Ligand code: PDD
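What follows is one chain in structure tokens, specifically the form predicted alone.
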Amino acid sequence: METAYFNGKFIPKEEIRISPDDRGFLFADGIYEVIRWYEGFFYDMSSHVTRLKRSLRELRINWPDADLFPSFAFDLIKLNNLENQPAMVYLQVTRGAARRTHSFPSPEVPPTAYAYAWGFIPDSKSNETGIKVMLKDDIRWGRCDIKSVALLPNTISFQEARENGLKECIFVRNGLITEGTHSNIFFVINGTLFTHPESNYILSGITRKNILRIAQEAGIAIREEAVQENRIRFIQEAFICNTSAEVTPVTELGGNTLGEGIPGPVTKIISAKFNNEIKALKG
């Protein structure tokens, strides 16, 4: 029996009932957070909590239990017997249930908070051989920095990639490559690591933040600068990153083979250093 967290309580997942008037259902009026369990610890939980609080603040959702996320996330791992395997914890918080109207409920209603955990098998093959990804105009709204549950453009675009035998869809806005449907992307041009700067057009990924730190510690030149789509021919390496996939090399971008079509040396260095950091944290 799978146990989930719902509004401060741990109950069987199949017993959870959410109102049809919940604004998450009616308006996608909510935020979410996802963190990975590494068989003994959550990686960079403090940054996930910081981002969670920021998303809540940007949508003006008053949820007082954000600081409890580390505690009940760990409880979910234990209650579902996931301590000794790779796992993920998903949290979603909406503005709550109220009669449908575009304005916020007045007076405020209690937010709806739901979280669950599941085990998974990491895609080690993609991390070793690399993946092919597509390019598409960025059709998302202008606040991609908020980790909102309003992900319809992302899901449609990711499905298009899957139907074409590709692993991810990378967005392009005004000729500049931004990020993927559920990942950030990095490029290597003449030994320098490029990635789109933090702005309202990308989500500030936790793995992205740590990769920038790892690259700096390794002495790799970094430029937080968007790469133009018409400069693909100059890209020697690329990789995507997110909480579940960590560092995944990209060998083909929008039908263009990058470098020699295999994971490049800078990507391998960053991937190895990230993996070593995880191993060190495991002790």
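Numbers follow the displayed sequence, beginning with 1. Since the structure is predicted, the reported quantities are computational estimates derived from the model, not experimental observations.
Beyond the structure shown, there is the form predicted together with the ligand, which is absent from this document and is the topic of what follows.
Exactly one residue in 207, 157, 112, 195 has a non-hydrogen atom within 4.5 Å of the ligand in the predicted complex; which is it?
The residue from 207, 157, 112, 195 that makes the contact is 207.
The ligand in the predicted complex: contacting segment from 63-71, 231-239, 27-35, 218-226, heavy atom within 4.5 Å
Residues of 27-35 come within 4.5 Å of the partner.
Do residue 93 and the ligand come within 4.5 Å of each other in the predicted complex, heavy atoms counted?
No, residue 93 stays farther than 4.5 Å from the ligand in the predicted complex.
Can residue 243 be called a contact residue for the ligand in the predicted complex at 4.5 Å between heavy atoms?
Yes.
I'd like to check something about residue 182: if you look in the predicted complex, is any of its heavy atoms closer than or equal to 4.5 Å to a heavy atom of the ligand?
Flag for residue 182 set to yes.
Can residue 77 be called a contact residue for the ligand in the predicted complex at 4.5 Å between heavy atoms?
Taking the distances in the predicted complex, the answer for residue 77 is no, it never comes within 4.5 Å of the ligand.
Hey, with the ligand in the predicted complex, do 51, 147 and 203 all fall inside the 4.5 Å heavy atom range?
Affirmative, all three are within 4.5 Å.
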